[in-house]
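Next up: a single chain in structure tokens, the form predicted on its own.
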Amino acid sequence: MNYDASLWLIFILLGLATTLPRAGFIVLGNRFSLPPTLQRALRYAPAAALAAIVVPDVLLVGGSVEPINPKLAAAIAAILVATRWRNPWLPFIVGMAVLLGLKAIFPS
């Protein structure tokens, strides 16, 4: 098999590997239901994915964990505001204000 054919085969297999699991839920529809325990666990998947993206950026500074940094303080302020008030914009505004304020006070 030459290089071009193997490359196309890899593309096709990767496309199938990403499409088939997604299409399975669409094709099966209501004929198949997930167990209730798995349904409850899947409710937390978006929050877990978001946390997996955000937490390393908040905790790591220059490749090492820094427990005291402006991003962590801003994240804590945003979380506190989000749990206290139901306004979706307020945590963003407060978090950015804390971040920019701390960066202005303590330039790195």
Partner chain sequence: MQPSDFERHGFAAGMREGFVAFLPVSVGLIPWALVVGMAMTSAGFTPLQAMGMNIIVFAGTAQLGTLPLIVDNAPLWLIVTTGLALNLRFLIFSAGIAPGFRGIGTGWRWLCGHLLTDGSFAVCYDKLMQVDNPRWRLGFYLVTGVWTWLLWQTFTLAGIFAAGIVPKSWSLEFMATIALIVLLVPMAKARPMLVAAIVGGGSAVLLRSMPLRLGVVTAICLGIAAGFAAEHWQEKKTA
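Definition used throughout: the rigid core is the maximal C-alpha set that superposes within 1.5 Å between two forms. Keep in mind the model is a prediction, meaning the values are calculated, not measured. Numbering follows the first chain given and starts at 1.
The form predicted together with the partner chain is left out here; the points below concern that form.
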Item checked: is_contact(Tyr3, the partner chain) in the predicted complex, heavy atom dist at most 4.5 Å -> yes
Next item on the list: Determine whether any heavy atom of Ala48 comes within 4.5 Å of a heavy atom of the partner chain in the predicted complex, and answer yes or no.
Entry: yes
Check: If you check in the predicted complex, is Pro67 within 4.5 Å of the partner chain, heavy atoms only?
Finding: no
Notebook entry, point to check: So in the predicted complex, does Ile105 come within 4.5 Å of the partner chain, heavy atom to heavy atom?
Noted result: no
Margin query: Given a 4.5 Å distance limit between heavy atoms, list every residue of 48-68 close to the partner chain in the predicted complex, or none if there are none.
Written below: Ala48, Ala49, Leu50, Ala51, Ala52, Ile53, Val54, Val55, Pro56, Asp57, Val58, Leu59, Leu60, Gly63, Ser64, Val65
Next item on the list: Tell me, please, whether between the shown form and the other one the C-alpha of Arg86 is shifted by 2 Å or more, with the rigid core used for superposition.
Entry: no
Checklist line | Core-aligned C-alpha movement of Thr37 between the shown form and the other one reaching 2 Å | finding: yes
Next item on the list: Using the form shown as baseline, tell whether Asn87 and Arg40 are closer or farther in Cα-Cα distance in the predicted complex, where the change reaches 3 Å or more.
Entry: farther
